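Quick setup: one chain, the form predicted alone, written in structure tokens, and binding and motion questions come after.
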């Protein structure tokens, strides 16, 4: 296993922005599942989801989170040395979200700005690259992480409708003089299984066509297009139960991290049943696992910072926590991060309000 280590950095703020449209999952899924809808909702543990109204993008949500961050903290835009956006649903295919965010947020032009196109495992990728850049530039890094999955979800797909949600987040990573707080990351990639969770059309291989926007009927009665997210739920569950649990266990063992040393475990909120099973298999105290997917849904990789932003003030206001993070899904890809997180870190979550 390859483990990368970074020290002399800290998280100063984590803010999340969820859309203005709240979906009651039982009501929304009733037409798909009929009398079995309550069983389906119980199996996912997701009671509500937030999805965008027409015309709201991942950039809108991420910039909304960043604006709230700047307005509620003493972090100055002039101190930002780079803007990184983790998303697989950018506002446009080109140019990237981060470039537009630089202008929209009034950040200096002498900054690096780029996107990382990865799905469910993306937050740890963002933290890792941001921490390296913070050290290199000796400046604060604005990490945006958000996806609008609802526009790529067929309203008649039984695999994705009950779980997929939208959100945007903003995290500021800053250099500091404390080298004792060492962050650790590891990464896992298996492209041989990429079609377990992917969007068949819209890329350079299969462009949008009449065929791509035509609904196909699946064995379970679902209707789905090639421009929609295709997910093999069983394969993803198997990936998490086998590969991801082994990855996390090996990471902890090889880095000499006792599970009693873990104060907080924040997994990607794929669905609540899945992450409860993962926590149980890892033998991590269930009280240490933070969850927000039951209230906000599965918002791809941004579900990790959404959970941090929504749960931090409920659990601690001071001191230092050892936080274990993990993202997993599209790729198939998985990440693990072990970071220090302070009670003084400013956090918040709010609903998007469209200007004008």
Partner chain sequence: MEERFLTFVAKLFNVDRANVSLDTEYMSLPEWDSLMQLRLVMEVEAEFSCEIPIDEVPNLNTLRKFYEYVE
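Positions refer to the first chain, counted from 1. All values reported here derive from a predicted model rather than from experimental measurement.
Absent from the display: the form predicted in complex with its partner chain. The rest refers to it.
**Q** At the 4.5 Å heavy atom threshold, is residue 218 in contact with its partner chain in the model of the complex?
**A** Contact with its partner chain, no.
**Q** Decide whether residue 44 counts as a contact residue for its partner chain in the model of the complex under a heavy atom distance cut-off of 4.5 Å.
**A** Contact with its partner chain, yes.
**Q** Can any non-hydrogen atom of residue 175 be found within 4.5 angstroms of its partner chain in the model of the complex?
**A** Heavy-atom contact with its partner chain at 4.5 Å: absent for residue 175.
**Q** At 4.5 Å between heavy atoms, is residue 233 in contact with its partner chain in the model of the complex?
**A** It does: once its partner chain is placed as it appears in the model of the complex, residue 233 has a heavy atom within 4.5 Å of it.
**Q** Only one of 267-275, 70-78, 209-217, 181-189 gets a heavy atom within 4.5 Å of its partner chain in the model of the complex; which is it?
**A** After filtering at 4.5 Å, what remains is 267-275.
**Q** Each of 40, 237 and 241 near its partner chain in the model of the complex, meaning some heavy atom within 4.5 Å?
**A** Checking in the model of the complex: 40, 237 and 241 are all within 4.5 Å of its partner chain.
**Q** Counting any non-hydrogen atom inside 4.5 Å, which residue from 194, 259, 104, 280 sits next to its partner chain in the model of the complex?
**A** If I apply the 4.5 Å criterion carefully, the residue I get is 280.
**Q** Along 123-158, which positions have a non-hydrogen atom within 4.5 Å of its partner chain in the model of the complex?
**A** Residue within 4.5 Å: 158 only.
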